[in-house]
Structure formats: C-alpha cells, structure tokens
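Just one chain follows, in the form predicted alone, and it is written as structure tokens.
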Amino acid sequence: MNFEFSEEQLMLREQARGFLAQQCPPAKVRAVLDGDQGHDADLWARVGEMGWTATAIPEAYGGLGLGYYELAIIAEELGRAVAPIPFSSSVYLATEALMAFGNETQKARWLPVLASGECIATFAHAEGPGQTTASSLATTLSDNTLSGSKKPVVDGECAHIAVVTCQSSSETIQLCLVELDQDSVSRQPLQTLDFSRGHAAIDFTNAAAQKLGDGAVSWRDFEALLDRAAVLMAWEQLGLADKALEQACDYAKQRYAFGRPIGSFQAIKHKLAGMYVKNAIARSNAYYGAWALASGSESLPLAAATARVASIQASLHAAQENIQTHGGMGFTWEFDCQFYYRRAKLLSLALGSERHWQDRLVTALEQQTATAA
C-alpha cells in the first residue's frame, strides 16, 4: 500500500512552504511572542484568502472540498513555521465538530464563514487539570442557556464562537454552539509556555447557546472527533520536528569549535541521527493516520493513537536536541530554538497527554486483536 502524496499534493506542499516562508518568517512569530496579541491577525486573514481554512469543508458550504490529505499537508507546513494563528482549534476541532454533529441549519449558517476565515472558532472541553471525561463534565446546558467554566481554551481570547462540551450522562455528552461576544460570557487570558498561541479561561453564566445537532453524542463518536484532530495535530508536530532537525543541522555545519564544524564530532552526529530516526518513525505513522482519516477506515482509532504518540515523542525530542546542539546560545531569548520547544510542549498536551494516547493505543490494539480472533 502506497501512502505517499500525489504530484498535485506535493505541489500544494511546495506552494504552502513558499507562502509561509514569505508571510510567516521567525520575526513574525517573535512579534507575537513578545507582544500582547494571542495570534497574528494579518497572517490569519492571508491564510483565509489562500483557502486553507476551507480545505476539507464541502463545496456546498463554501469550502474547497479537497480532503484530509491536503489538510494534513497544510498542517505540516504550519508546524514547520510554528504559525501563530488559531488554525488547529478552529479547523481541526470546531469545524470538524460542526460538520460531524451539526444540523443543516447550523452548517449553512457557520461553515461558509469558517471556510472564509471570517469567523474564528474554538473548542472548549477541558475544565481544569487532568483528563476531562463524560462523567467529570460540570458544564450544563438547559433550555438553551449554558453555565459552567472551561479552561484552558486554546485561542479562547480571539474566537468568535465556541463548540462547548456539556454533561449528559456517563456514556454521552452534549455539544453546544455559543457565540462568545455576549455579556454572560467572560474571558480571562491564561499564560502558557507558548506565548504565540493565546489561551483563556471562559466562564458561562446562563449564556445563550444552542444544542449542536439534534441530540446527545455518544462518547465513542466524540472520541472519533478527537481521533481525526489527533491525526492532523500529528502532522503539525511532524513539521515542527523536521524544522527543528533542519535548524540543528544548519547550525552544526556553520558553528566551528577546535578548528572544525561541530557537526563533525561524533556526539553531535549521534544527536542529529537520533532526531532523524524519531522523525522518520513519526512520519511513517502520520502517513498511516492520514490514510485512515481520508478513507474513513475502521482502523482510525489505532492509526490516530499511533501517529499521536510518535509525533509527540519526535517533536519533543527534536526541539530539545535542537537547543542542545546550539549549546549555551540555544537557551537565550535571541535564538529561535525556543519557538519549536514552546510549541512542541504545548502540542504534546493538546487533546490529552502522551500517557492518555498511549492508553488509547493499547485499547485500540486490544480491540483489533479481539476482532481478529
């Protein structure tokens, strides 16, 4: 089975990489990191003009109707550029939730403005430290009014709407759609390790909201939504890991010590080789995940968990070893190594920790074994 991208898809990658090299240089990332804005609004507008936010949305709703292979390619390039925009929360999660669970009226209202990038959406699920489950949800939806607290919410400061998870039963959850620009919604910024992605604590006090779709969502269907996002997140982490390796290699070739490039020393060679191996493993699993996502395969839970675990390990390792390769300079604010370390740490906890996805991987393997038997 060939998981490689087609010639047209590789052209999309080349176009996306060139666009981001021009429109999202390290100076732009640093400007958001040093400033008080949680994202680069100009870059977000340009990404919308490129049609990236519309990639997987059907043409009937103003999208391009391309598919998940193309969205995975864009995710990888955004990871390479550590783009400071609310792409993952709006596209991988909120838009996907709307397409999966929304009714026709909700899709017709919101998908076109999400496709154009005019509207930024976020996905509010976590309610504090630890893994949020169906039985632990405290946020409630009653008579189209929402009450509760969500934190941290990625891009919660800049989002216009949010898809919010609410309590229903031990086996199901309720999803609702809420516009965030109302008096009964309060948002407080939260500082995380990655300053280039804004986070917020959001409190809902009898806020006007509407049920997403026509009923409660089973926990299994909700996890399928997270599986789809996990594959796309894995591609973003893979792009980050490859760029960190590239940066480390470039520095190792240019930095001299004792009259020779430091890349000629065995210790540095081993670091770079170790980064390459982990990245190659992550890429192999990411291809499997993209295929499972695009084809609607029943193996998506296994493919998503495998891709997620491998990408977390590769991106964290590459970001850390990139700093180490740069030596004492790598730890300074003036060097760009911190961008990849901060984003790798942030993404390693998005959608759940590595341990959580390891548990999901074991569960998927057990289910596959039971089915085969």
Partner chain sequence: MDFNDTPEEAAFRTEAARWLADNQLTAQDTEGLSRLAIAKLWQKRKYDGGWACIGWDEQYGGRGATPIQRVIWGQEEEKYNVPSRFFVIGQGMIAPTIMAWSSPECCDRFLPKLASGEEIWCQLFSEPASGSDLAALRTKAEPEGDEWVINGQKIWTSGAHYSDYGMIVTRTDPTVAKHKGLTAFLVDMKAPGVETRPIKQLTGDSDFNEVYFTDVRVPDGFRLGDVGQGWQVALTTLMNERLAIGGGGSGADVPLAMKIAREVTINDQPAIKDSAVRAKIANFHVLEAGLKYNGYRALSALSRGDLPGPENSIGKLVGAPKLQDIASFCMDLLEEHGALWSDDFESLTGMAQRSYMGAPGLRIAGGTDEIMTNIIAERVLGLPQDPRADKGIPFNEVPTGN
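Since the structure is predicted, the reported quantities are computational estimates derived from the model, not experimental observations. Positions refer to the first chain, counted from 1.
Just so you know, the form predicted together with the partner chain exists too; it's not on screen, but the next bit is about it.
The three residues Gly128, Thr192 and Ala267 all sit with a heavy atom within 4.5 Å of the partner chain in the model of the complex. Contact between Arg260 and the partner chain in the model of the complex is found at the 4.5 Å heavy atom cutoff. Contact check for Met329: a non-hydrogen atom falls within 4.5 Å of the partner chain in the model of the complex. A residue is said to contact a partner when one of its heavy atoms sits within 4.5 Å of a partner heavy atom; Leu351 meets this definition for the partner chain in the model of the complex. In the model of the complex, His39 stays away from the partner chain, with no heavy atom inside 4.5 Å. Taking a 4.5 Å heavy atom cutoff to the partner chain in the model of the complex, the contact residue among His160, Lys151, Arg187, Arg109 is Lys151. Checked against the partner chain in the model of the complex, the candidates Val29, Val309, Leu43, Leu316 yield a single residue with a heavy atom inside 4.5 Å, and that residue is Leu316.
The chain is drawn here without the partner chain; in the model of the complex, the stretch among 238-246, 291-299, 131-139, 272-280 whose residues come within 4.5 Å of it by any heavy atom is 131-139. Contacts between 307-328 and the partner chain, taken as any heavy atom within 4.5 Å in the model of the complex, involve Leu316, Gln320, Glu321, Ile323, Gln324, Gly327, Gly328.
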